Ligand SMILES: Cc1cc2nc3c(=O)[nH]c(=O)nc-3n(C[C@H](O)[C@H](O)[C@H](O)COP(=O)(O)OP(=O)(O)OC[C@H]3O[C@@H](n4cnc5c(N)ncnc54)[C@H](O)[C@@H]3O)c2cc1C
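Presented below, as structure tokens, is a lone chain in the form predicted on its own.
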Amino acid sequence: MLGPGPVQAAQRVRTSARIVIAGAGAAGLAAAARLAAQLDGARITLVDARKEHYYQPGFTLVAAGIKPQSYVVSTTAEYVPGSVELIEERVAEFDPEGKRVVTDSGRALPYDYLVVATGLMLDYDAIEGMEVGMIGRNGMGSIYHSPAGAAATWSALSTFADQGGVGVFCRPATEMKCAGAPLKYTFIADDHLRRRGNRGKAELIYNANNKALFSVPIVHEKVRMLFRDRGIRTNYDHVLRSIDLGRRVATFATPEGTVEQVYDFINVIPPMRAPDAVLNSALRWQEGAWGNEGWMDVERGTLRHKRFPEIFGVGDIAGVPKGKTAASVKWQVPVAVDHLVADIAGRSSDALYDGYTSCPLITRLGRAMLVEFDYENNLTPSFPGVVAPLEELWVSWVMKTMALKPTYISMLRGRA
């Protein structure tokens, strides 16, 4: 997780290639930095309308009352290499046949190579009755929405920790970024209640979307045991479909039909899908759930598009079995860049992404489990013999709350 990525080429490759990077989040900025460092003469264009950059791994910490809202906010421009052009517009259309990207102003950007790093879309509209303007009010929180949403969620959770009642936690039935975050927030709520002497006044319920709490079986079992020991009730095959914010009632779809759940606090995690520009393009998977959700049809080892070899997909948008975390970006981007640069240089690359994903799973304030795994659900600890992946450790907490952000910033600059 904190170790170096693949070594960059010692000598820059001379080229006049036009490279467009769609999206200036973690994956797009990291790709821009590495390409700028390895290529000489390339015209690299980064396209993204959002001026703010969000350190999304910190949203949970803001929503836990551990970090201020400002901790997760910076600017996109400060991480853009000097040789890279930043176009502050939204990507409206991908035209892989014509090898061009079209922005929302109608500007066409031709390319020789394209890196798609658009991230994903939080589909709050898929939940009937949901209003994002209500986050932080009437006991409803949502840690994913934004820095302000995370701070508002903390306000709602803090009130719940003072008063007790029924707390409901869940996750969507779609692919999602950092699937451990809903679990972390359940543990955080439990600990805040205990610290305020109100755990006996509260019932905590976690509604899993399927029959597992975590995609890695051994981690599922560990979380199941921790939930049991801490009195957190688990319901499987429960998916949030609608919410009545005034009545504080959430409706879940189950195999037996819909079930209403009254709550005093709820952490809403919306369904997630590809942005419209990818969803409505030829870049997405052509069938199955990944096609319906719009994820890019890339080779899982190289991140290269299966039908358009000059296109790569990295970060949340990539349609691969694992990898919607910042830690995954750290390992995906060097692989995709190595293959792209190899194409330009007329050589081949044997770099492969093995599905590495990391989840510093907070289990109480001051303790976390550093869970790292790959495509095959193998645990892949970065510090074997030092940090046990399924132990609740202070050092793992320190990594999450202190060490990861500097590493993340180094990744954006192409140095990690």
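Each residue number is its position in the shown sequence, starting from 1. In this text the structure is predicted, and so the values were computed from the model without any measurement.
Keep in mind that the form predicted in complex with the named molecule is missing from the display, and what follows is about it.
K.L.:
Can you check whether the pocket is open or blocked when the named molecule is overlaid onto this chain using its placement in the predicted bound form? Blocked = 3+ ligand atoms within 2.4 Å of backbone or C-beta.
P.N.:
Output flag = open.
K.L.:
Do Arg304 and the named molecule share at least one heavy atom pair within 4.5 Å in the predicted bound form?
P.N.:
Although the named molecule is absent here, Arg304 would stay clear of it in the predicted bound form, with no heavy atoms inside 4.5 Å.
K.L.:
At the 4.5 Å heavy atom threshold, is Thr363 in contact with the named molecule in the predicted bound form?
P.N.:
No, no contact at 4.5 Å.
K.L.:
So, Gln38 and the named molecule: in the predicted bound form, are they within 4.5 Å at any heavy atom pair?
P.N.:
Answer no; every heavy atom of Gln38 is more than 4.5 Å from the named molecule in the predicted bound form.
K.L.:
For Val47, is any heavy atom within 4.5 Å of the named molecule in the predicted bound form, or not?
P.N.:
Flag for Val47 set to yes.
K.L.:
Within 4.5 Å of the named molecule in the predicted bound form, counting heavy atoms only, one of 64 to 72, 25 to 33, 377 to 385, 345 to 353 shows up; tell me which.
P.N.:
Contact criterion met by 25 to 33 only.
K.L.:
Which pick from Leu183, Leu240, Leu114, Val329 sits with a heavy atom within 4.5 Å of the named molecule in the predicted bound form?
P.N.:
In short, Val329.
K.L.:
Would you mind picking the one in Arg248, Arg199, Lys322, Lys177 that has a heavy atom within 4.5 Å of the named molecule in the predicted bound form?
P.N.:
Answer to the contact question: Lys177.
K.L.:
Do any residues of 109 to 128 have a non-hydrogen atom within 4.5 angstroms of the named molecule in the predicted bound form? If so, which ones, in sequence order?
P.N.:
Stretch hits, in order: Ala117, Thr118, Gly119.
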